[in-house]
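Presented below, as structure tokens, is a lone chain in the form predicted alone.
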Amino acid sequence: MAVSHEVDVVTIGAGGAAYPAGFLLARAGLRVVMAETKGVLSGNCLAEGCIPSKAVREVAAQLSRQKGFSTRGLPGELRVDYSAIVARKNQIQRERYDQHLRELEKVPGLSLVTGRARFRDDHTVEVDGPEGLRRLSARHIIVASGSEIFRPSFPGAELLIDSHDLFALDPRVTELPRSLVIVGGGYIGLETASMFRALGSEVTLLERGEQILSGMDRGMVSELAALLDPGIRIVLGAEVQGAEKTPEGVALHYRVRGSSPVTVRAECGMVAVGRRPVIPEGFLALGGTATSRGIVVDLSMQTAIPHIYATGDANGISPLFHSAVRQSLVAAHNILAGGRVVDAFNPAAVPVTVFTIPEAAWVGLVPEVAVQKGIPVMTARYDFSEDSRAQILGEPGGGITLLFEPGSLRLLGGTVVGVDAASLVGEIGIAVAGRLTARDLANFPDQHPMSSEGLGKAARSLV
């Protein structure tokens, strides 16, 4: 028999799309229960995504930079101990899980239950877990169920690992593969290719489309592609037809349109063709709506059922951890206002970084979209070949491109490829959100010698 509880808010999920709201609402005096299949406070970002992958990536990036300094006074040859890298990754994940648990214990009115949640009706969620069936009734519900790895259906696909096998706590892969073939040229595939090539693996990447990072600004992608390690073999237009096990590892068979079949062999094969939203059982039957992208919401995070909100990867608007956090807070603010819309998510001011080596990032309006939509812009450019920090690091490739509104010179967006891109795009994002102008950027005395002074230098070309 189900144990029933009445609370103010239930979140389906306990990751970045849920717990910021949970903390805020509980501290405001509401009773909040978060239901999470993993049984821990955190979602896929910590379980198998941004945190563990960057723990590996940063080692690879430091190694790559160290090699660059081999002609500048530092030894370039270092031995890679991948099992130690994995152990450190595991340690970081455990530290953060413990940190989140301590944070949870400090907030009265907020609790976490383990199990898979499904809708019984539009105010009731059932959670089936190790402690039995719980029935939770709430005035408001936040669907923060995240996303799951999408696996293609070609023959032998089950022989390939995925990002979970690489980055989960105590992962399946603990030794550095001598060779790696990756199916998928999106950000997960390309980041993995970049870091494993830096660590010493021979890497082949098979992308079905005609561009890596499909859907991203072509100019930015072209600029990044020219700076990637040339040892990464990238095959575009590759239709994978199947995979089979070999004594050495795996063989993938593919065909580039108009050509004969090709086989690539590697010690390890990986699939990285994207993720798909997880939509809780029963939601659609209640009248909720969804597409292949995710649950349909407006920018207040309300679904077709006004007291049910959907945040983070579950709605697919901006499947990023920091977007999920912001959306979670938007939902919480509107719940605290009794369902009135007092806050909204702004997707135009969300920075995005592809953590390859080097990085590429963008926020707001990008050049290709401006052309496609006929949006008039004034463009300012700063090349890192002129930048003092990039010269010091010996990494002069790439640069900053900023787009401004004619007349007002309000910053609309920009791209960064190369040195410190992940940090610089945050500064650009703040300026976009704050509606700053080229004059504002030009007049700000940014630090020297830092790559961020390139923002002001670019802006000064217009004022």
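When you see a residue number, it is the position in the sequence shown, counting from 1. Remember, predicted model here, so these are calculated numbers, not experimental data.
Form predicted in complex with a small molecule: not shown, discussed below.
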G274: heavy atom within 4.5 Å of the small molecule in the predicted complex? no
With heavy atoms only and a cut-off of 4.5 Å, decide whether R116 touches the small molecule in the predicted complex. yes
Any non-hydrogen atom of T37 within 4.5 angstroms of the small molecule in the predicted complex: yes
Might G454 be said to contact the small molecule in the predicted complex, defining contact as any heavy atom within 4.5 Å? no
Interface residue in the predicted complex among V417, C45, V33, I428, criterion: non-hydrogen atom within 4.5 angstroms of the small molecule: C45
The unique member of G184, G294, G364, P280 whose heavy atoms fall within 4.5 Å of the small molecule in the predicted complex: P280
Which of 37 to 45, 398 to 406, 433 to 441, 65 to 73 has heavy atoms within 4.5 Å of the small molecule in the predicted complex? 37 to 45
